[in-house]
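Okay, so here's just one chain, in structure tokens, the form predicted alone.
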């Protein structure tokens, strides 16, 4: 079955009001091409879910894409606070459900295994337990043990993930890190994968140990070069600090400056975005930076 489609179709693959889990973590692997396409489509109804959100979440908050956010963290790391996220939460404009990272990951694992809940040791003493009775509970088994804390399974409507390569059958490979993306894929009803390149299935089979998400979990495959930009996608390219600083400058200014940043994205196609942000030697520099970094084996 050929699962290949085009980026422009992505917004119509995400149902109205859907709970959408966005992959990646920190400044790596976020499905930014997909996020930009949702911004271009002027979506305003998405319940986002992010374990380790970054510029992806902040852009969607600033552009009005999200109606609710379930998350464990949103940060721009050394670049500072996620300004749109902070402002929206402080003003009460963005309803949120905050769940500690381990608990959220366990909830997704429960969703992926089709069990109603899983035990989790903690977050003991946290106010987040009392604030989220729809997430945390207790359970007792027939083994005679005492009540243990459990977290309710989460099963998003859609997961959007960015990977290095896929084939037309939806087999997904990463050469570098992949965060909790396999767990997101297993837990979600519909899985959309953007990737740097679509390759023949024989190439996938030749290095099958790199396949982290099997094709039977994936519904749609979209080729999107530099699809994680300005985040990194190692070993293909490093994070684009220049572009992130430009984003942060607009986000800190807010108002007309940020509106102009969003309008520029809405006024260009993804190909035009790549042409703009990778002009000159930028693309080659980002690739060289990724290549120069130590591998996990060397670190």
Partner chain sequence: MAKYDVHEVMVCRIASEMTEEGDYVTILGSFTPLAYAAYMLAKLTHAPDAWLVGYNAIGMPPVELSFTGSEAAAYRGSLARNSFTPNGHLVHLGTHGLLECVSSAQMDGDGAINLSAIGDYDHPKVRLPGGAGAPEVVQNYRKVVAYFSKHDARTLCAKVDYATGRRTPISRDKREALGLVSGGPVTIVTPLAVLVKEDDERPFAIESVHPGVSVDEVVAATGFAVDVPADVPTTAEPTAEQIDLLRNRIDPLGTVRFDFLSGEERLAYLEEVLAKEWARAEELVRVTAPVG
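The model shown is predicted, which means the values in this text are computed figures rather than measured ones. Positions refer to the first chain, counted from 1.
Quick note: we don't show the form predicted together with the partner chain, though the next part is all about it.
Any chance residue 140 has a heavy atom within 4.5 Å of the partner chain in the predicted complex? Residue 140: no, not in contact with the partner chain in the predicted complex.
Might residue 291 be said to contact the partner chain in the predicted complex, defining contact as any heavy atom within 4.5 Å? The answer is yes: residue 291 has a heavy atom within 4.5 Å of the partner chain.
Can you work out whether residue 207 and the partner chain are in contact in the predicted complex, taking contact to mean some heavy atom pair no more than 4.5 Å apart? Residue 207: no contact with the partner chain in the predicted complex.
Residue-level contact is defined here as any heavy atom of the residue lying within 4.5 Å of the partner chain in the predicted complex; does residue 264 satisfy this criterion? No, no contact at 4.5 Å.
Counting any non-hydrogen atom inside 4.5 Å, which residue from 46, 234, 63, 38 sits next to the partner chain in the predicted complex? Result of the distance check: 234.
Between the options 81, 169, 198, 148, which residue brings a heavy atom to within 4.5 Å of the partner chain in the predicted complex? By the 4.5 Å heavy-atom cutoff, the listed residue in contact is 81.
Choose one stretch from 218-226, 68-76, 188-196, 153-161: the one whose residues place a heavy atom within 4.5 angstroms of the partner chain in the predicted complex. Checking each option against the 4.5 Å cut-off leaves 68-76.
Sequence-ordered residues of 153-180 touching the partner chain in the predicted complex, heavy atom within 4.5 Å: The stretch 153-180, when checked against the partner chain in the predicted complex, contributes 175, 176, 177, 178, 179, 180 at the 4.5 Å heavy-atom cut-off.
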